[in-house]
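The chain below stands alone and is given in structure tokens; this is the form predicted on its own.
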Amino acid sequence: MQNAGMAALQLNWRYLAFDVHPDRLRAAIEGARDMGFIGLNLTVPHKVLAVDMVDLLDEQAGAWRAVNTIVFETRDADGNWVPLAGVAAGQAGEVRSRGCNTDADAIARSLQEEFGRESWRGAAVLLLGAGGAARTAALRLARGGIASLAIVNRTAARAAELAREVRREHPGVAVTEGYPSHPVDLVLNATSLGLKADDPPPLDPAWLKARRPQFVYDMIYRPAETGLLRAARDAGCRAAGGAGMLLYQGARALELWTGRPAPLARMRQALEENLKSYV
């Protein structure tokens, strides 16, 4: 997806994946800066760790306390900080790292696109998971004015920690831990259950059939049809996977690196072609 976007913008860049142990994340970020990388994307478990490893945070990363995109910046001829792509090769002086978060708005945009709902104000949400992705989703939806949030997580202490944070930041949202007794509008899976064929479902299919929430969103995008999505559709729910979220967070990252609009149609095409090839 990213390489397709870069090719469409006629950039002599390459997007590559690296496995980095959390203990070496700081060194990896500093090494990428020293080697002239334009920027980085980070995934679990690095997003929260990186908050304290960059030179500054943008508004989004500061709000959600998670970094999924790093932009390396230098000063232009006028002394303004700009992405490295904004200066000629070899002309960069001092370089700093700016931590950004493109996940939160990508979640909101994908939910709107998939379900045709402009706002979740007043909605009742069941969130599965309490990790970094769940936290970002919880805070973003709470900021959007949801009425209630129920958090279910394998580790009760982490669910309680996230619940406390949402209550503190958004006291108008009724936050509970465990399955709610009231009707639910949206179920959001932010766990990794479903990535593997032998994974247990993150939610009991019997609960779905009995409660029938209107919308079910699984952040997992590969495979495109998870067990949760099948169960949700069998129960009569509208269901969608996380490909849209992946697309929009990636497109926004490319825009931050380049300062140019992302070629969204080409990136979407490349992503869809890749997901179709996944078995």
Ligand SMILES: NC(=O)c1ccc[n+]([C@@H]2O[C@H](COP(=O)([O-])OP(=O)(O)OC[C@H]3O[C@@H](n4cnc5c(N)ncnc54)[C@H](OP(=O)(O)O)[C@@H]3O)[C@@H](O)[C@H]2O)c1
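Keep in mind the model is a prediction, meaning the values are calculated, not measured. Start at 1 with the first residue shown and count on from there.
This protein has a second form, the form predicted in complex with this ligand, left out of what is shown; the following refers to that one.
Contact annotation: of the candidates Gln91, Thr155, Asn80, Ser181, the single residue with a non-hydrogen atom within 4.5 angstroms of this ligand in the predicted bound form is Thr155. Comment: this ligand is not present in this chain, but in the predicted bound form one of Leu208, Cys100, Ala133, Leu188 has a heavy atom within 4.5 Å of it, namely Ala133.
By the criterion of a heavy atom within 4.5 Å, Gly39 is excluded from the residues contacting this ligand in the predicted bound form. The closest heavy atom approach of Ala27 to this ligand in the predicted bound form falls outside 4.5 Å. Taking the partner from elsewhere, Tyr221 is found to have a heavy atom lying within 4.5 Å of this ligand in the predicted bound form. Put simply, Val44 is close to this ligand in the predicted bound form: some heavy atom of it is within 4.5 Å.
With the partner omitted here, the stretch from 141-149, 115-123, 192-200, 163-171 that lies within 4.5 Å of this ligand by heavy atoms in the predicted bound form is 192-200.
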